[in-house]
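Shown here is one chain on its own, the form predicted alone, set out as structure tokens.
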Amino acid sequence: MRLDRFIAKQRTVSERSAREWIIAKRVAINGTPTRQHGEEVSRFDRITFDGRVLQPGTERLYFMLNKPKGILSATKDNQHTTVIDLLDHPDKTSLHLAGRLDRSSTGLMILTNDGSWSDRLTQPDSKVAKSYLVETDRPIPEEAVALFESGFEFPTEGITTRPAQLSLLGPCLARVVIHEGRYHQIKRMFHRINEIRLVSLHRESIGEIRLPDELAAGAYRALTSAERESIL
């Protein structure tokens, strides 16, 4: 919301009056007086008028979690344990998931209360690389590498998957890097190749945010400033 509109709403005055107050430097954002009446503000900003708090501001939260198998990628559920249930934080109910994993899948999950930031991870146009370690129920043929690179057509949905990188690490082990996140995408791509099924799927990284080896299953930690800024 524009700052002048915010002030007008909070003080029940016209936007013109609000602009005059802002130009007179009676308004401060996060402790700094401003004269930019068109500046965009959000619920994360602390806003004061003549020293009085109009909005205290909300802390921006960013966490990574190592999702164990059997945990539901949801904010709440009446029957199953969710990733939010694994967090011990007073404001965990304000968090949302920046991308999901199937209940049977494991690995890196990102949770935040910053919707603009998480959009950069989840919007298809962002093309953020996501890396997965997969194990299959039967050997993966070498021609699968080229098939993943060329993309798979799903006519009923009218889509073709973007080029993906498949690295064979063993007869039934591979690393997959995709730049989108369609419904059950990796499982469906493998199934198109001799009806291969996945035994396990583990997300290793999203963009430059990598799951540390020392972060145990079910554990979480706050993102570092470098990890947060890598998305921006």
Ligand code: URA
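Being a predicted model, the structure only gives us computed values, none of them experimental. Note that residue numbering begins at 1 and tracks the sequence as displayed.
Only in words, not in the display: the form predicted together with uracil (URA), which the text now covers.
- Partner contacts here mean any heavy atom within 4.5 Å of uracil (URA) in the model of the complex, and among 185-193, 49-57, 29-37, 161-169 they occur only in 185-193.
- Of the heavy atoms in D102, some are within 4.5 Å of uracil (URA) in the model of the complex.
- Taking non-hydrogen atoms only, L201 approaches uracil (URA) to within 4.5 angstroms in the model of the complex.
- Although the partner is absent here, Y132 is a contact residue: one of its heavy atoms lies within 4.5 angstroms of uracil (URA) in the model of the complex.
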